[in-house]
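Next up: just one chain, as structure tokens, the form predicted on its own.
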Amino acid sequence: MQQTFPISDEELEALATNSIDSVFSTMLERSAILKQVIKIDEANHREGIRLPIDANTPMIAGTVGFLGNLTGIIYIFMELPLAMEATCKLLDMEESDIGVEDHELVNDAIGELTNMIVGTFKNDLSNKGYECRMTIPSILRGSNFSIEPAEVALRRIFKFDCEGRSFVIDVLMKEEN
């Protein structure tokens, strides 16, 4: 039986879009356009959900959790070329300044970008009366990611386009009693 959730899909979409708009315009001087929303419900949440980006492309995934009245985790899946561009912009560097083996530099930059995006999301949640605090960011690298949560009350996947490059935000949340 589908449980009601205190935040509507429209509000959640606005939270995700505002977080991306705010951070991308300020920190990367870029805009991102929401292209697709995938609603995961009880019928399909246990299946491995394919992300709406090329699964075989090397990616970096930043993740930050939040705890409070609403508890959850947000994953940001970014193809490596966009992650490199974002790193260069954040650190005022040229791509040629970053070696292929400079994983830590790119990881740190994407971790910080993820932290800013989830921080904006969390602040907007707090403004709606859902106080919460954040966990530290984590970074995953790889391809063909599949997130299979054991239990989830709400999951939405948002695909964005940033000047021809795609990235995905996967939001998993549940209400704490």
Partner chain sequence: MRLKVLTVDDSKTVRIIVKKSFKGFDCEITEAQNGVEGLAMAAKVNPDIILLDITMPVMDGVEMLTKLKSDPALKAIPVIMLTAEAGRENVMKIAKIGVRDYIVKPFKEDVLVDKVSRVVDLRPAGEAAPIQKKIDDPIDILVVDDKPAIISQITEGFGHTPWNVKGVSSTGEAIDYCQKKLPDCIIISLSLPEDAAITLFRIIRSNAKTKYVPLFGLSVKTAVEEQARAQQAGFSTIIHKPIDFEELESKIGKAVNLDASGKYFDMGEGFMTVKLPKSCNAAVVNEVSTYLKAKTSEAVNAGISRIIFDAQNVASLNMDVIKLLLHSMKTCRDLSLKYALTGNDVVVEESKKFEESKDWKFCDSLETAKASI
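Residue numbers count along the first chain shown, from 1. Keep in mind that this is a model prediction, so the values were computed, not measured.
As for the form predicted together with the partner chain, it is not shown, yet the points below apply to it.
Enquirer: Whether residue 22 contacts the partner chain in the predicted complex should be assessed with a 4.5 Å heavy atom distance threshold; does it?
Expert: Taking the distances in the predicted complex, the answer for residue 22 is yes, it comes within 4.5 Å of the partner chain.
Enquirer: So in the predicted complex, does any heavy atom of residue 63 sit within 4.5 Å of the partner chain?
Expert: Judged by the heavy-atom cut-off of 4.5 Å, residue 63 is well away from the partner chain in the predicted complex.
Enquirer: With a 4.5 Å heavy atom cut-off, would you call residue 80 a contact of the partner chain in the predicted complex?
Expert: Heavy-atom contact with the partner chain at 4.5 Å: absent for residue 80.
Enquirer: Taking the partner chain as it sits in the predicted complex, is residue 33 in contact with it (heavy atom to heavy atom, 4.5 Å or less)?
Expert: Judged by the heavy-atom cut-off of 4.5 Å, residue 33 is well away from the partner chain in the predicted complex.
Enquirer: Is it the case in the predicted complex that 105, 123 and 134 each bring at least one heavy atom within 4.5 Å of the partner chain?
Expert: Yes, the whole candidate spot contacts the partner chain.
Enquirer: Since exactly one of 55, 27, 140, 37 fits, which has a heavy atom within 4.5 Å of the partner chain in the predicted complex?
Expert: Looking at the other structure, the residue within range turns out to be 27.
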